[in-house]
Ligand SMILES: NC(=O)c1ccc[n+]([C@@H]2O[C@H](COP(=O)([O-])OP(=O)(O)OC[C@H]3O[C@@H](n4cnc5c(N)ncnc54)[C@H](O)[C@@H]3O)[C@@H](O)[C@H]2O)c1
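Shown below, as structure tokens, is a lone chain in the form predicted alone; questions about how it binds or moves come after it.
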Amino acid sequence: MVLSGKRILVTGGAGFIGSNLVDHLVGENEVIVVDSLRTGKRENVNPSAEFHKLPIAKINEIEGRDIDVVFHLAAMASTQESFLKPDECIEINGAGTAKMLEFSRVNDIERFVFTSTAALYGNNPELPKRETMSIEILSPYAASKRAGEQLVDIYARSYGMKCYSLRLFNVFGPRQNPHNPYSGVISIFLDRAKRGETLYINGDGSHTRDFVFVNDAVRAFEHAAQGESEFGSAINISTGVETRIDQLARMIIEKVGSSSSIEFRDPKIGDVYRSYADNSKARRVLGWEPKFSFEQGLDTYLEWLTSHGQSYSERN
């Protein structure tokens, strides 16, 4: 389902997932990137895209552009940071999503894809995670994303907008910054293993995650921009495979050929214990399914790091 001939706005397009999405879209589409560079990097933005350094609060400066699709990825994307800055989290993630939806409505943009999160399932013991499950909010971050989902549903039902919320599970891959304390565990483990440094695990290592390679996440956005049913709903983007964090650490040490050791620490506040998801709704509604297994994605990421990841790591 290749998206082509569209004028597309990507918020957060200088970030990890957003910049990979922009790379995928340019060439076949006209792409406009809006990013405040709060955490994103200007050098991540594909030179073929039009770039605007703007906070979402000033999105109206982009009006009148006949945009076909909005991919809304701009966010405070960390559970732990949301506890430190809850007001900022709600402003960026909640009010920011409302701003983007209203911008889309006023400018007659029918297609809107919102970036949500697996964190909404909390520690609900039911596995695998399904969209029909009850929500369990454990952090300001999860609360802000739930508010965004509800707004997406309201705009779909009230204004006929073709919207989806993608509940991304643990996305990893090129441009994930290992030096950001809120970054994904895979990028942090890989960086430390390559340096021979200790890998720190919060908890006893039995925590699990459903890791999605960024190329698959990017394809999910593309498919969501072309879906034709169940507008306004939330959809899991996952592999359906559960990986323990201690097993992940050992796998990375082995793949890198590292002398790193593993050290266990206290669990983080608000952290989820077990997490993996059923992705049958994504297959049915969006025609999407993951193409990369966890190990294939990890090998591809390692190849990227070997080719130019060191220079990327040093400037972040």
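It should be emphasised that the depicted structure is a prediction, and the values quoted were computed from it without experimental measurement. Position 1 is the first residue in the sequence shown; the rest follow in order.
Keep in mind the form predicted in complex with the ligand is missing from the figure; the text below concerns it.
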{"property": "The ligand in the predicted complex: contacted by all of 36, 56 and 77, heavy atom 4.5 Å", "result": "yes"}
{"property": "Listed range touching the ligand, judged in the predicted complex by heavy atoms within 4.5 Å, from 147-155, 124-132, 111-119, 196-204", "result": "111-119"}
{"property": "Proximity to the ligand in the predicted complex, single hit among 235, 186, 171, 224 (heavy atom within 4.5 Å)", "result": "171"}
{"property": "Listed residue (143, 218, 92, 245) with a non-hydrogen atom within 4.5 angstroms of the ligand in the predicted complex", "result": "92"}
{"property": "Contact of residue 25 with the ligand in the predicted complex (heavy atom, 4.5 Å)", "result": "no"}
{"property": "Contact label in the predicted complex: residue 9 to the ligand, heavy atom within 4.5 Å", "result": "no"}
{"property": "Residue 14: touches the ligand in the predicted complex, heavy atom cutoff 4.5 angstroms", "result": "yes"}
{"property": "is_contact(residue 101, the ligand) in the predicted complex, heavy atom dist at most 4.5 Å", "result": "no"}
